[in-house]
Ligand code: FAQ
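Here's a solo chain for you in structure tokens, the form predicted on its own.
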Amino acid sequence: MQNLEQLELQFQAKIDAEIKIEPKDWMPEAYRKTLIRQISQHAHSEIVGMLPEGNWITRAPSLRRKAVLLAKVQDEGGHGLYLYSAAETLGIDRDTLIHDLHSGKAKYSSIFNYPSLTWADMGAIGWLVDGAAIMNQVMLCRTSYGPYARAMVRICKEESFHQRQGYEIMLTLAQGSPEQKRMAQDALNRWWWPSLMMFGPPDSESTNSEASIKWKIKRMSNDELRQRFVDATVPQAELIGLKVPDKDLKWNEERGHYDFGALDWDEFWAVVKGNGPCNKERLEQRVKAYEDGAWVREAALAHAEKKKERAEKVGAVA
């Protein structure tokens, strides 16, 4: 019988050798709990993230825009299902995950607690929010836990479409009338800083980053990913004639990166703790949707039970 220390050494050796950890492999309890927290938070973010965009489906400015937005919201629901399934391979059931979300115990991305006020917000969310998500999620395609990594491959392909769709909306508005360009600039002004906060707290305040990087759940720190996002996104804004709302933003030739202003971490923690502009509304909508859909889940279970009974009867006769 191997002792705990030997098991942990063998586990870390697999991680260091880039061998995926699979559900039936031995893993430290802290690794399992870290994955459940991260994957479930990711899944919650996908399904809560459907809400600010779903709000605009009936008001999209054209049939094409409506169809694309419908497809995008549907994709996000699918992402949530992939991720809940990945979390379940770690020995936790989906009902528990959903209960933790509805009770406020589990968190989701702070970005989805901001309101979507105009059609331009659909562009800003796609371009900035999904752009920030891709910056983080491409790294997760190589995460050490196999089911999570495999789910992320498809998710990233679809998120890249979402990012392009959002940027195309912003481009169209920026090239439109002065009023449309002002609307695009206003959306950028409101979503820029919350998008930077999506990467999580600064490394100095991130309690989970060190272990996650050691276990290769994450490949880069919060601050490294935030810098990458700024470096990639500022030229995109300049290309379409929009201005990033940061008076301290400037290119640093020596570092080879953009310097940017300080984030309002008081705002970030307030939103995370449930005091954002739409926290209460978002949770109420999710709980209502879950309760309204109870009959569908019950019908599906009843149908499955009937199929099982019929199959057993046929088997008994044969």
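Position 1 is the first residue in the sequence shown; the rest follow in order. Note that the coordinates shown come from a computational prediction; the quantities given were computed from them, not determined experimentally.
What comes next is about the form predicted together with Phenylacetyl coenzyme A, which is not displayed.
Novice: Check the shown form for clashes with Phenylacetyl coenzyme A: superpose the C-alphas around the site so the partner sits as in the predicted bound form, and report blocked if 3 or more ligand atoms are within 2.4 Å of backbone or C-beta atoms, open if none are.
Specialist: Here the site is open.
Novice: Residue-level contact is defined here as any heavy atom of the residue lying within 4.5 Å of Phenylacetyl coenzyme A in the predicted bound form; does residue 38 satisfy this criterion?
Specialist: Heavy-atom contact with Phenylacetyl coenzyme A at 4.5 Å: present for residue 38.
Novice: According to a 4.5 angstroms non-hydrogen atom cut-off, is residue 269 in contact with Phenylacetyl coenzyme A in the predicted bound form?
Specialist: The answer is yes: residue 269 has a heavy atom within 4.5 Å of Phenylacetyl coenzyme A.
Novice: Even though Phenylacetyl coenzyme A is not shown here, does residue 245 get within 4.5 Å of it in the predicted bound form, heavy atoms only?
Specialist: Judged by the heavy-atom cut-off of 4.5 Å, residue 245 is well away from Phenylacetyl coenzyme A in the predicted bound form.
Novice: Please tell me whether any heavy atom belonging to residue 122 falls inside 4.5 Å of a heavy atom of Phenylacetyl coenzyme A, as the geometry stands in the predicted bound form.
Specialist: No, residue 122 is distant from the partner.
Novice: Could you spot which one of 89, 209, 172, 236 gets a heavy atom to within 4.5 Å of Phenylacetyl coenzyme A in the predicted bound form?
Specialist: Only one listed residue qualifies here, and that residue is 209.
Novice: Here the chain is shown alone; which of 135, 101, 129, 187 has a heavy atom within 4.5 Å of Phenylacetyl coenzyme A in the predicted bound form?
Specialist: Partner contact (heavy atom, 4.5 Å) among the options: 129.
Novice: At 4.5 Å between heavy atoms, only one of the stretches 114 to 122, 177 to 185, 101 to 109, 228 to 236 reaches Phenylacetyl coenzyme A in the predicted bound form; which one is it?
Specialist: Heavy-atom contact with the partner occurs in 101 to 109.
Novice: If you look in the predicted bound form, which residues in 157 to 173 sit within 4.5 Å of Phenylacetyl coenzyme A (heavy atoms)?
Specialist: Contacts from 157 to 173: just 159.
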